[in-house]
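Below, in structure tokens: the form predicted on its own, a single chain.
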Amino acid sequence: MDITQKVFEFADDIGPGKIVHLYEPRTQTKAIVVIDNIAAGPAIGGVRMAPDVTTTEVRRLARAMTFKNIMAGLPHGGGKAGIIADPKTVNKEQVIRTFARGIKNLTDYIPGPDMGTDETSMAYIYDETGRAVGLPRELGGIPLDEIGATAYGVAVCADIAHEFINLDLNGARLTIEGFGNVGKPAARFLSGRGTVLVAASDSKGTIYNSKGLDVEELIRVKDTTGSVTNYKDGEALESTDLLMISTDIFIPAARPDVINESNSDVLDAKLVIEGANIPISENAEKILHDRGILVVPDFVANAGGVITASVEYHGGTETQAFEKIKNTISRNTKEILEKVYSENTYPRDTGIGIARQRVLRAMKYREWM
């Protein structure tokens, strides 16, 4: 099967509308852009930088953005980009600028920050193309990571979801996989609601204390030493040990498919809120649900970042962004979970059903996209 056949094997009535592979020989910069659907408007989606990012991963992420944006009521379709490089070892500015020049004419795609990129990266892209979101404040942006926009949405989701499983947030045990740009502020927002962070992980390992970790101290240790495992008042474990720790709320906030069919029987939790994009395979989500673990899917739970990006793009303020995050994620979480429990369905299937119908309605207004 050639690459064209593989692309169309995954095409459906929504998209993807465009898949572009970029290669710049001089710097050997390689990247993938997927513009999934633009019925609601130009696609917004993050630029991921990782050495192992694939076309399949970017395509899945772009579809998640289509559903995320339409569920949030944003005038934007879904897209995503992946730069195949290690952000810790390459000349990041050179790679980002080379990528930006490669997408300059893809005017239906508006880049934002994602894993491996940040506000500075978006500033380089904006300088080259004139379009990007999640810009530094100095360029008039609303820096998504600095304000914890995605994490705030995760906390808002918890405000609604816990009621459906009779879980009291005050005193609830919290575990976070990926203590980074989403994981750290999520710990802050949820600790303010009374949760107790008992475990957190990063690429170097897991830190665990059944009595609770000091969130601010853990953030300081992570920022100054590079890993949560250097936190003193806890037990250092392997990254893979995290799933076996008994908890009430589990937030995957790092890489795709951290939980899949091979380990979905291990997780010991009551509520999972997906802080990362596609962190759990779809079959694993169903397995968890059948085990009595509520999973709120990514395109509902972590929409805070793209909501803020859209508010920024249209000239809004940080205050407006937080208000829209609260209203939108509260409404969507409640709507989906009410259907899940009244109709005995899976959360992702329910959410996709709602999102798909909204996209198809938007497409009726477009002769060609």
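None of these values were measured; they are calculated from a predicted model. The first residue of the shown sequence is 1; numbering continues from there.
One more form of this protein exists, namely the form predicted together with a small molecule; it is left out here, but the text below deals with it.
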**Complete:** Note: the small molecule not shown here; in the predicted bound form, the stretch from 210-218, 288-296, 251-259, 125-133 having heavy atoms within 4.5 Å of it is 251-259
**Message:** With the distance limit set at 4.5 angstroms and only heavy atoms considered, check whether M115, D202 and G305 all reach the small molecule in the predicted bound form.
**Reply:** yes
**Prompt:** Looking at V272, L267, L144, A161, which is the one with a non-hydrogen atom within 4.5 Å of the small molecule in the predicted bound form?
**Reply:** L144
**Message:** Please determine whether N181 contacts the small molecule in the predicted bound form, using a 4.5 Å cut-off between heavy atoms.
**Reply:** yes
**Asked** Should K324 be classed as touching the small molecule in the predicted bound form when contacts are defined as heavy atoms within 4.5 Å?
**Response** no
**Message:** Please determine whether A276 contacts the small molecule in the predicted bound form, using a 4.5 Å cut-off between heavy atoms.
**Reply:** yes
**Item:** Touches the small molecule in the predicted bound form: T150 (any heavy atom, 4.5 Å)
**Value:** yes
